[in-house]
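One chain follows as C-alpha cells, the form predicted alone.
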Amino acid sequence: MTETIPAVKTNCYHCGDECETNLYIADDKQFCCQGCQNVYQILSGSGLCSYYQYNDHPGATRDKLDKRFEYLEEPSIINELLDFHDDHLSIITLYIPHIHCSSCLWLLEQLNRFNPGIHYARIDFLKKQLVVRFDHQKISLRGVVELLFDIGYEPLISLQDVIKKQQKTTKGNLVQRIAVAGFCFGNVMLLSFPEYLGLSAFEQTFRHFFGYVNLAFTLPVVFFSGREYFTSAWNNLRKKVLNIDFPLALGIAVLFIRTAAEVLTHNGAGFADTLCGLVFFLLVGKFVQHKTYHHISFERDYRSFFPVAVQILDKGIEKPLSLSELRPGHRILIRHNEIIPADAILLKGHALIDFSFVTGESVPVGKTLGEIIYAGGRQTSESIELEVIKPVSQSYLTQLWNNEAFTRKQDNRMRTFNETVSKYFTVILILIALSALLAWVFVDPRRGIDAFTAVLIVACPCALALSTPFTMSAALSIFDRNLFYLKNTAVVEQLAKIDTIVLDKTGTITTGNGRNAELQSQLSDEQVRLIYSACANSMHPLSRMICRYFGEQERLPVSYYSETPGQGITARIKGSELRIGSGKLLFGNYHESAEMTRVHLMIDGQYLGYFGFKHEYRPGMEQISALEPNYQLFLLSGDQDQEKRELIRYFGDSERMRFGQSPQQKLDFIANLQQQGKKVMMLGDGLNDSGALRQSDLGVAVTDNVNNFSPGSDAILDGRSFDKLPAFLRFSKDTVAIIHFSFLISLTYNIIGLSYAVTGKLSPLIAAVLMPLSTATIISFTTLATHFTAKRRKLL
C-alpha cells in the first residue's frame, strides 16, 4: 500500500493516539502503528472485538514491539514469581499498570479463550493485579506473559516482586469485628426497649433475663471487637504515652464492669447498649480511616525499578540470569532502553546513559570503553556489553538507598491534633472523675462510685475519636478526586502546618514528555519537505515532534533509510543525502552543549543548523510562585544551572535555587531548614530525591503516572493536578479547622453528659441517647462542612 498523509487527522482505533500515516488499516479501521494493528487483529481473530464496544480506544499505544521474556524460562525465577504450583497447576499474581476501564476488566477475564491451558483469570481492579491460574503443561509462564504482552497488557515484573517486600496491606479482621459488634449492638438495642419503656413489677423476671442476655452479648464485643483498644492503650502506656485509645479503653472497661455488676446483683440494667454502640461506631470510624489508597504503594524503593533478570553472555551464548545470581565477572548484555542493574565496566558498544532517575541530570551521558558505569542508569543507545564488578547488593545505587541518612526513622514528623488533645483530655477526665468520687464518697459511697464510673462513661471520647477519621476521610476522597493521593489521614494535618516548599526541577516542575522545539536554522521549503519525509519514518519522540513542528507537508519517497539508536537518521531522498541527529552522527567526535537537547540537520554535507528542545514547565508554576510570602519557595536540582535565568521569574531570588545538588546535599539542605524551625514540604520525582523526601516534614512524589515508579513518600501528586497545589494547601487548613470545630461540638455533648454524671444519677437511657446523637451530629457536620469548603476552594 502506498503511504500518504491523511487529509483529515484520525485517531487510532485501538489506543486513540493521532494517526500520522494511513499505512496501518485493517477492516476499515485505522491504527497509529503496527503494534496497535497487531493487537486488533489478535482480538478480531479470537472473536473478542466486544473489547472496543465498552469504551472508546481502550488500548495502550504499542510502540514497543520487542519481547524480552526469556528469563521466564528459568526455573529459579519461575519459582520465585509463582504464588502456587504443583504437577499441573500454577497460580501467579501479576501487576498490570494499564488496567483502567471496564474493557480491560472484560478482556483480561477472557484469557482462557485465547489458550485452553489458562483455567481462569481474575482482576483486582483497584490494585491493578491479575491472578492467573493455568496448566503449565499446556502453557508456560512465559507464554502467559507473552500473551498478555500481545494483547497490550504487559505485566510489570520487577525485582521487588521477587524479594516479596512490597507494602503489605494490613490484614486485620476489622470487618469481622465490626460485624460482631453490629450484630450484638442490634440485639442489645432490641432487648433494651422494654427497659426504656418501663417494666411492671411482675415482669422483673424478664428484666433479669434480658439483662443476662445483654451481658452475654457484651462479652464478644469487649474481648473480641474492642480488644485492640486495650492492647493499644497498654502498649502506649509502656512508652509513657497517653493516646486517644487510653480513655476509650477506660470507658469500655468501666461500661463492662458496671454493666456486669448491676446485672449480676440485680441493681439495674447496666449500659450494655451504650457499650456495644460505642465499640461499633468506633470500629466503623477506624474502617473509614483505613479505607484509603491501599492500591497505591507509597513505600517503593530501587527494587521496583530493577528488572528480575538480566541477559549474560557465557562463552558467546546469550542466556537469562536472575539478578540475585549476578556476580562480579559476569559479562552482561544491556539493550536499548534497559536498566544497568549493577556497577560494571563498559567492554563493547556505544554507551549513552540516562542517569536522570538516579542523579536528576536529564542529559544522557556518553561513556567510553573501560569506564565504570554505575547501576541505575538507562542505556539510550545501541546494545552494549559490560563486565560486572560489584554484586547488585553492593552497587552504588543500593548503597545510596541503604545509607543511614536515607533510612533514618522519621521521628521529626508533626504531632496530629488528636495526639495533642488526647494527652490533656485523659488527664482532665481522670481528675473530674476522681473529684466526683471524693465529693460523694464520704456522704454516700455507692453514689460516689456511680458518679466516678458515670464520668468515665459519659466523657468517653467517642465523638472526638470519630471526628478526625470522618473529616479526614471526606477530605481524602476530595484529594483523591483531584488526583492527589495521601498516605493516611495524618498527612492532611501535616500539609496544613507547612510553611516552606522545596521543589525538585526535572520531572517535578517540568513535564515528563513535553519539550519545546526551537528551530535554529533558515530552511527552504524543499529542505523542510526532505527533513519531514525522513523524520516521518521514525518512531522516536523527537522525530515526531519535528514532524509536528513542520505541520502537514508533502511526503517524498525515501530510497534509503537507516536509524541508529541514540544517534539519529541517515536517509537518501530525491537524490539528497540527509543526516539528522546528534553531533556525533554528523561530525564524528563532537561535544554536545549541555544547555539543551539538540537534533542537528545536514543535507548533502551542508550543515543547516539544529532543533533545540527545552523543558516545558508544568502549568500552574505562576500560582505556586504566588504563594509567597505565606510560604518560602526553594528549588533543588541535580541539573546544571542552564535554566537559571528562566526559573528566576518563579523563585524571585537566585539564592532560592541550588543546582548540581547530589542526593545527600538535598537531604542536608532540608535538614538545615528544619533546624531553623521550618516545616518543610519536599516535592520530587526520582530516586535522587528519596532521601530529601524522607527527611522533610511532608514528602510528595510528583508523577505523570501514579502506577509507575515513584519514590517512597507521604503523598503522590499526579502531574495533571500540579496547578492545584495552592488550593490543596488552603483546603488542608480548612479541614483542620473543621476538626477543631467538631471537637468543640463533641465537648459540648460531654459537658451535658457530665452534668448528669457528677451527680451519680446517669440513667442508661440518657447514655444510650447521648452516644448515637453525638455521633450522628459529628458525622453530619464533618461531611457537610468538608464538602462545602471543597466547593469553596473549587475542588468539587
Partner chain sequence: MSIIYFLIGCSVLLALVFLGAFFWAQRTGQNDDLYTPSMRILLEDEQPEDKEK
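Residue numbers count along the first chain shown, from 1. Only a predicted model underlies this, so the values are computations on that prediction, with no experimental measurement involved.
This protein has a second form, the form predicted together with its partner chain, left out of what is shown; the following refers to that one.
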In the model of the complex, segment of 328-336, 690-698, 103-111, 374-382 with a heavy atom within 4.5 Å of its partner chain: 103-111
Contact residue in the model of the complex, chosen from V427, V528, A179, L237 - any heavy atom within 4.5 Å of its partner chain: A179
Contact residue in the model of the complex, from M545, L215, L352, I123 (heavy atom within 4.5 Å of its partner chain): I123
F741 within 4.5 Å of its partner chain in the model of the complex, heavy atoms: no
Proximity of G47 to its partner chain in the model of the complex, heavy atoms at 4.5 Å: yes
N187: touches its partner chain in the model of the complex, heavy atom cutoff 4.5 angstroms: yes
Proximity of I317 to its partner chain in the model of the complex, heavy atoms at 4.5 Å: no
